[in-house]
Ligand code: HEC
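What follows is a single chain, given as structure tokens, in the form predicted on its own.
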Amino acid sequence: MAREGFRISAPLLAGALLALPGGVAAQDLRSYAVVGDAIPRSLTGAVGDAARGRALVVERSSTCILCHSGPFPEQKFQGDLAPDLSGSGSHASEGQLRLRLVDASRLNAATIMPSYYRVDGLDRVGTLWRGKPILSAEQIEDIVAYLVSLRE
């Protein structure tokens, strides 16, 4: 059965990312440790706000729903390039979700998912984004809090 949604090309995704407001400067990135396939500790030292995280996920400018679908009935068009986010909290730990947001390429070098909290070693980065992460540490934690709450 075909899923309803739309497809987005990598160039279009890159253009959408350029439309986002500037993130924090590289020197403001908080350090983190990757343990296995996860970043077990919060980037901020605190739990994020799931309501703010949901708002970020469903906001088109965040780009999440350009590729992902999920329990977002208010969004008519959702992506189908990446896994459905429904049940994310049942399928992955908080730390695993955090690493996927921070730098999914650590798990899959060929991924098209942007590294939302990384600035070094990236290719084809738009001028406005050079040296800046796409999301702040607080936004990462808010999205993680929301995704962890999605249980099947």
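This structure is a prediction, so every number in the text was calculated from the model and none was measured. Start at 1 and count along the sequence shown; that's the residue number.
Form predicted together with the ligand: not shown, discussed below.
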- Check Val34, Leu99 and Leu122: does every one of them have a heavy atom within 4.5 Å of the ligand in the predicted bound form? no
- Message: Although the partner isn't part of this model, could you tell me whether Leu135 comes within 4.5 Å of the ligand in the predicted bound form, counting any heavy atom of the residue?
- Response: yes
- Report yes if any heavy atom of Met113 sits within 4.5 Å of a heavy atom of the ligand in the predicted bound form; otherwise report no. yes
- Message: With a cut-off of 4.5 Å between heavy atoms, is Leu85 one of the residues that contacts the ligand in the predicted bound form?
- Response: yes
- Any of the heavy atoms of Leu29 lying within 4.5 Å of the ligand in the predicted bound form? no
